[in-house]
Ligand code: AMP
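One chain comes next, on its own, written as structure tokens: the form predicted on its own.
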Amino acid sequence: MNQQSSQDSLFSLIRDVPDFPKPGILFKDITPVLECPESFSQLIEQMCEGLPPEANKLVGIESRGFLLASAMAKHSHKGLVIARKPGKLPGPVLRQTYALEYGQDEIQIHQGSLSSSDRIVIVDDVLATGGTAQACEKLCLSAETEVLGFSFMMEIAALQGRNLLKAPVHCLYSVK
């Protein structure tokens, strides 16, 4: 099976869940991919192929980004930093607020998790509007780290989230 048909097979497992978590949202459920060991392994290998070799840490965005970034970190022998919602990390944190369509939110990392010697890739499952990814990029830059890029399982291209991001974006799959 060639890489394109292998990718098509992998992404055919993703379920669309209408009106979740609220009316009008079409949620992309990746759990069927995670439940199949062969598919999950294939996904992680393909995502790792897009990592710059000079990256030394991956930053996983809560919560599905944790799953992907932790598996990628193990597979590629890189460090893992987690970016979480407020109140989830003990101890001092760096924080970045960002706007949502219905208010604002915040993302945090532990102080000291990143330094100026780190070259990182930010990982999440889906690139949609780009707000959370942009906030994570700003947060990592505030720690004086070098953001080499982003790695997403898929992108909802019509939402143009990549336009908010400064670092290069690598997506395995794009949907309209």
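The first residue of the shown sequence is 1; numbering continues from there. The model shown is predicted, which means the values in this text are computed figures rather than measured ones.
Same protein, other form: the form predicted in complex with adenosine monophosphate, not shown, and the subject of what follows.
In the model of the complex, the residue from Ile44, Ile120, Leu139, Leu127 that sits within 4.5 Å of adenosine monophosphate by heavy atoms: Among Ile44, Ile120, Leu139, Leu127, a heavy atom within 4.5 Å of adenosine monophosphate in the model of the complex occurs only for Leu127.
Close approach of Gly149 to adenosine monophosphate in the model of the complex, 4.5 Å, heavy atom: Gly149: no contact with adenosine monophosphate in the model of the complex.
is_contact(Cys36, adenosine monophosphate) in the model of the complex, heavy atom dist at most 4.5 Å: Output for Cys36 is no: heavy atoms all beyond 4.5 Å of adenosine monophosphate.
In the model of the complex, Leu13 touching adenosine monophosphate (heavy atom, 4.5 Å): Judged by the heavy-atom cut-off of 4.5 Å, Leu13 is well away from adenosine monophosphate in the model of the complex.
Arg64: touches adenosine monophosphate in the model of the complex, heavy atom cutoff 4.5 angstroms: Flag for Arg64 set to yes.
Contact segment among 129-137, 44-52, 66-74, 109-117, judged by heavy atoms lying within 4.5 Å of adenosine monophosphate in the model of the complex: Heavy-atom contact with the partner occurs in 129-137.
Residues within stretch 12-49 having a non-hydrogen atom within 4.5 Å of adenosine monophosphate in the model of the complex: Stretch hits, in order: Ile25, Leu26, Phe27, Lys28.
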